[in-house]
Structures are given as structure tokens and as C-alpha cells.
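Below: one protein chain in two forms, given as C-alpha cells, structure 1 then structure 2.
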Structure 1
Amino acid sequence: MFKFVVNRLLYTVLVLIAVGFVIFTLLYLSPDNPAQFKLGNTASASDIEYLNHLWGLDRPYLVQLWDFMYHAFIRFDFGDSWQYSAPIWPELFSRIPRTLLINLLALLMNAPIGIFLGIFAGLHGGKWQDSVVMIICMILVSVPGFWLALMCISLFCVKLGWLPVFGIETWKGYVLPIITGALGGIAMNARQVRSAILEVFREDYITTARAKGVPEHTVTYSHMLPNALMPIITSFSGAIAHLIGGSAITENIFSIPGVGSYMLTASQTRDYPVVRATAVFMCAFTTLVMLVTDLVYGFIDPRIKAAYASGKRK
């Protein structure tokens, strides 16, 4: 098992370094001129040249790449924001907790509720309870999440006045972002669990268990569910990628000063160091959650355990 963990850790580090390279290269390819963007159209050529020199943009690609990779991955320093000429790290650090709080809570919410709904629908397969849950989930999967968030603002914040329209001065500001973030995931999980349960229904070992005379609720809870819930662990990584990727839009809608909105404002002002820093952070977080789900899966799934155990013996 130790080998499995080390393997996954090394792999994660390599992926992150490659991601850093991809993000840097993508932004390097941009045809825009950030110095021109900051100084405006009336800027003189010498001023632009000065800024380019100051930001190190007149150096060759490989030198810039090495500079970025060295500072970002070895010294954890993302440099200064071009727009505000201030270090990025303190600003980013103050925003990280808000983004993490919203996304992790949404993630933690969508698993239990989604699984419960999926089990409920799956065990009632074909009856009206199943249809009701599945119709609701179908609608939730289809509705764009950010539009649902807008509609919730319009209803709960503007019309009813229960919650603040924007800002996060009190805990109330977090309610809608978390719920609207979780809804899509809940529906996705419920659909997946339901189809997994319907699949397990047809397996031979369920028939065997019933034939042995195992009570029906034992069949459900200790034979069916553990097998049906395995795929849910892997769905976590997809859910977190979706949540993190959508956080720019969510934070924009709810005016939350998080990592996503930091990235968005930076991308509008061509503040590439900030865009790079936020993008690397988001990818790192996504990759870490994927790593954790992989490890959990490895510890739970006897097949992966066995594969590594037998590998050791050889």
C-alpha cells in the first residue's frame, strides 16, 4: 500500500508541474500587450518598453518559463501583480478560505443528499417515488447552475429579502452560493447512485444472497449498497473540478471576494501573474482532491489493494 501512496504522490507532483507549464505557455501565447493595456493607448513606446523590461517580458521564453516555474513551485512565490504592483501571495491567501469554504461545503453537501435520493429512487425503481425524484434531478441537471443562482437571488434576496443580495459580512451571504453550488452535484450523484443500484440488482451475488435466505434489508444494506456506492467516490473528483471551474462565475454572481473573482478581474485587466497564480492554485486544489479520492478508493477497493500487494511479492 505504501508503494501505491508514494506512486500517487509523485504522479500528482508531476501533473502539477506540467499544469504550471501549460498555463504559463498558454498565457505566453496571448497576442495582447499587457503593458499597453495598463498604460492605455496614449502610452509612449519607451514607457511600454520600460514596463516590459520591468516585468521581464523582453527575455526569451525559456528564461521566463524557468523563472515562473522556479518561483511558483520551489519558492511558492507568484511575484507581484502587474496592475497593483503588490505581491500576489497575501491577497491570494486572504481569498483562499472563502473559495475553499464554499466549494468544500457544497461538495460535502451533495454527496450524502445525492446518495440518499439515489438510494431512495433506486430501491423504489419504477414506482412513483422513483419518477418524482428522477424528474426533479433531470431538471436540476439541465438548468444552468449560474442562472439558478441568479433566480435564487431574485427570489430570496430581492423579492423576499431573507438574504443579503451580495457580500459575505454575515454567514447568510454563504447560504445561496453553497446551496446553488451543491444542487447540480446532488442531482448528478442521485442519478448515478440510482443507476448503480439498478445495475447491482441484476448481479448474481444478490440472487445468491436471496437464495441463501438472507433477510431483504441485509441484502440491501450490506450486499447492494457497498457495491453501488463505489463509483460515487470517483464522482467526487469530477464534482470538484466542476465546482472549482465554476467558482469564477459563482463568485462573480454573488460578489464574493474569492479566488475565482480575483482571476476574473485579473483576466479583464491582463494581469497575467495573478491569472497564473489563481489558475495554478485552482488546478492544485482540484488535483489534490483527486489524489485524496484516488487514495480513498485504493484503500477501499480490494482489487487495487490486491494488485499492489501481489506486485510486492514478485
Structure 2
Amino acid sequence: MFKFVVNRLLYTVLVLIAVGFVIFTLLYLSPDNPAQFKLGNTASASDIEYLNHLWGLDRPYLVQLWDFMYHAFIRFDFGDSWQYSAPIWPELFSRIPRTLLINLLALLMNAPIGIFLGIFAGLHGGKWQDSVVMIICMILVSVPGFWLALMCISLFCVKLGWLPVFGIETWKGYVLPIITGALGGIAMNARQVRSAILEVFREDYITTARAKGVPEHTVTYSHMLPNALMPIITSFSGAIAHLIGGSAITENIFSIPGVGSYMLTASQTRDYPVVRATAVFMCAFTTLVMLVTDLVYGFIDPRIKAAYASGKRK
């Protein structure tokens, strides 16, 4: 197990370096000129040239790449924001708790509801109950998150006046971001759990348990669900990554000062150091979730744990 953890940590580091390389290269190849964007169309050529030199944009690609990779992954320093001339780390750290709070609460909301709906649909596979749950899930998956957020604002904020339109001054400001972030996860989890339940529904050990007169709720929660946990855990890890990745839209719509809105604002103002920092943070969080998921696999499935112990699993 220790060897596996070390290998996965090394893999995580390589993924972060690769993401840093790709993000930097894509932004470098962008046709936009950040200096001209900040100074405006009326800026003189000398002013633009000075700002390009100040930011190091007039240096060769490899020099800029090495400077970014060295400072980001060796010194853990993403530099200063071009737009605000302030260090990135303090601002990023102040925003991380808000993003994690909203997304973790959304996960705590969609996990039990999604599991319940998936179990309910799986136990009634092919019946009208299953069809109703799947139709609801298809609607929730198909509806764009930003449109759903806007409709919630129109109904609960503008027409009913129950919740604030934006901001997080009170707990009410967190309600709509959490709900809109959770609905898509509910649908994804319900579909995954349903598929897992249907897969084990007709297994021999389930038939044997029923033949022995084991109560149906015991069969479901003590036999079906534990054996269907693997795809469910995979679905949850994907849901966490999806929530973090989609936080830019949610936070921007509800004016929440989180990591997602920080990245979106930086991309709009061509603040490339902030874009790179937030992208690396989101990648680091996602790979950490995947690492935890792999470790949970080992504790749940004895076969995987044995493979870890023997060193056969790569």
C-alpha cells in the first residue's frame, strides 16, 4: 500500500507539471496582448513595450516557461497579479474556503438524495417508478447550470424575494449556489447507483439471501449496496471534480468571491498569472480527490487491497 501511495503521489506531481506546461503554452500562444488590453487602445507603443518588458513577455518562450515552472513548482510562488499588482497566494487562499464550503455542502446534499433515488430506481427497474426517476435525471443533466441558476434567481430572488440575488453576507446567500450545484450531481449519482444496483440485482448471492428469508431492506443495504460501492465512489469523485470545475460559472452568477470567479475574472482581463495559479489549484484538488478514491478502493475491496499488498497493482 505504501508503494502504491508513493507512486500515486509521483503521478500527481507529473500531472500537475503537465497541466502547468499546457496552461502556460496555451496562454503564450494566445493572440491577445495583456499589456495592450490593460492600457487600452489609446496607449502608446512605448508604454505597451515597457509593460511587456516589466512582465517579461518580451523574453523567449523557453525562458518564460522555465521561469514559470521554477517559481510555481519549486518555489511555490505564482507571482503577482498583473491587473492588481498584488501577490496571488494571499488572495487565492482567502477564496479557497468559500469555494470548498459551497461545493462540499452541495456534495453532502446530492450524495444521499442521489443514492436514495438510484436505489429506488434500481429496485423498480423497468417499472414506472424507474422511468419517472430517469426522466427527472435526464432533465437535470440536460439543463445547463447557468440557465438553472438564472431561473432560480428569477423565481426565489426577484419574484418571491426569499433569497438575496447575490453576495454571501448571510447564510441565505449560500442557498441557491448550493442547490444549483447539487442538482446536476443528484442526477449523475442517481444514474450511477441505479446502474450499479441493477448489475448486482440478480447475482447469485442476492438470490440466496432472498431464498433464506432475509428481509428486503437487509438485502438492499447489507448485500446490494456494499457490492455496488465501487462505481458509486467513482461517481462521487467525478462529481467533486465536476463541482470544482463548474464553480467559475456558479460563483460568477451569484457574485461569490471564490476561486472560480477569480479565474473567470482573470481570464476576462488577461491576467495570466492568476489564470495559471487557479488552473493548477483546481488540477491539484482533482488529482488529490482521485488519489483518495484509489485508497478508498483498497479499503473497501479486499481483492484490490491484496493486490496493493503484493505490489502487483501499478
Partner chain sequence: MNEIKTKSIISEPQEKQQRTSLFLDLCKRTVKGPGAKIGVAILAIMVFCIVFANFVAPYGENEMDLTATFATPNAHHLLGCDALGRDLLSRLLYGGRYSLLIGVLVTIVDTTLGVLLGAIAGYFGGMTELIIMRVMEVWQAIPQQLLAILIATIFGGGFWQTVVALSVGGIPMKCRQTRAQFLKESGREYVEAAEAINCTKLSIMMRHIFPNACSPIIITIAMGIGGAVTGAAGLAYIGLGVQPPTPEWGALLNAGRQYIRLYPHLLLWPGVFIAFLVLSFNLIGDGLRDALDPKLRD
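Superpose the two forms; the largest set of C-alphas matching within 1.5 Å is the rigid core. All residue numbers here refer to structure 1's sequence, counted from 1. This structure is a prediction, so every number in the text was calculated from the model and none was measured.
Problem - Of the two forms shown alone, the one predicted in complex with its partner chain - result: Answer 1, the form predicted in complex with its partner chain.
Handout entry: Shift of residue 233 between structure 1 and structure 2 at or above 2 Å (CA, core fit)
Key = For residue 233, whose C-alpha is compared between structure 1 and structure 2 after core superposition, the shift is less than 2 Å.
Exercise for the section: Would you say whether residue 223 is displaced between structure 1 and structure 2, judging by a C-alpha shift of 2 Å or more on the superposed rigid core? Expected result: Where the cores coincide, residue 223 still shows a C-alpha shift between structure 1 and structure 2 that is 2 Å or more.
Handout entry: Core-aligned Cα shift of residue 202 between structure 1 and structure 2, given in Å
Key = Taking the core as reference, the C-alpha of residue 202 is shifted 2.9 Å.
Problem - Backbone CA shift between structure 1 and structure 2, residue 212, after core fitting (angstrom) - result: Reported C-alpha shift between structure 1 and structure 2: 6.0 Å at residue 212.
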